[in-house]
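A single chain comes next, written as structure tokens; it is the form predicted alone.
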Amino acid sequence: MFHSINFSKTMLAVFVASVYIFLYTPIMVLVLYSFNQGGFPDAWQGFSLHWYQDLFQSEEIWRAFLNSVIVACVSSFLSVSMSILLVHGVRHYKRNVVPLFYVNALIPDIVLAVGMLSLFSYLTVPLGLTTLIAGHTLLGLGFSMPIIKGRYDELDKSLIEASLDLGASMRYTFIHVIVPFLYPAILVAFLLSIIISFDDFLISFFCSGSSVQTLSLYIFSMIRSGISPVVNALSTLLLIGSCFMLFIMMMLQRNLFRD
């Protein structure tokens, strides 16, 4: 019996280790070859940073990166702002329509992307930065809405009633009572929306047109013409940035549950 329990624990540890190796080996290879002196997929030829030098000297990459930053920040701001106002309005007027926005997070991105393209074509809206922001805003709503609503549901109604009883208007109560209470959830939803916007490819591919190129589209065009270690260097920097934002999100969520 004792040997059977030890065998089960050993097999469980081996299984968990195998899953982690399967998950992280491609990322480790990507990071490792970003420092390889040779090309990809050549054998290891020594440590070098010249792929990072090529990355920082490329104007096209940083132009695509700037487009991605603009789209991610504006669409995330719109997603979070709309989520706050909608959740507050639903609570105020006692209507429960928030679950309708969860569909965005459940349906495949390709369906959402084709639907947005069909809508823009029907309305004869030219594809560009505006349509790209609209598509990413819709995508971010499906993820920011549950976070904002979850935090709002924890708000003690007596705080709002006390503020109104003391003579404050509903607008003053919303700005000075409700929004500060939602502050950790707002930051988490904003950071999550930025990460999702940066990672998105399908909506960018269908809704950006030929005038705007985001970072995901630029990487796709680079891979189509051959894998360059510059892509590895760029992906490594994006990985570091995503890890940093995830760390901030975890810290904010820990403070959120502590409160």
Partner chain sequence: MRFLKKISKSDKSFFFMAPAIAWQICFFFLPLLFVVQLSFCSDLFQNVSLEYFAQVIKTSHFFVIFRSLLLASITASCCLLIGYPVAYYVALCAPARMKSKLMFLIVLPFLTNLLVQVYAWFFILEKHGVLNKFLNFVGIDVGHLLNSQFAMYLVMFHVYLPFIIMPLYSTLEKINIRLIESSLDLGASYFQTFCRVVLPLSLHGIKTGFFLVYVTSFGEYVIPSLIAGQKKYFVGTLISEYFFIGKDWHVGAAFTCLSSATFIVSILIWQVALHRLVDRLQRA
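Note that the structure is predicted; figures quoted are calculated from it, not measured. Positions refer to the first chain, counted from 1.
Below: the form predicted together with its partner chain, not depicted.
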| item | value |
| --- | --- |
| 4.5 angstroms heavy atom contact with its partner chain in the predicted bound form for Y152 | no |
| 4.5 Å heavy atom contact, F205 to its partner chain in the predicted bound form | yes |
| Its partner chain contact in the predicted bound form: V177, any heavy atom under 4.5 Å | no |
| Close approach of I195 to its partner chain in the predicted bound form, 4.5 Å, heavy atom | yes |
| Candidate from L78, I160, L129, L187 lying within 4.5 Å of its partner chain in the predicted bound form - any heavy atom | L78 |
| Stretch 8-24: residues contacting its partner chain in the predicted bound form, 4.5 Å heavy atom cut-off | K9, L12, A13, F15, V16, V19, Y20, F22, L23, Y24 |
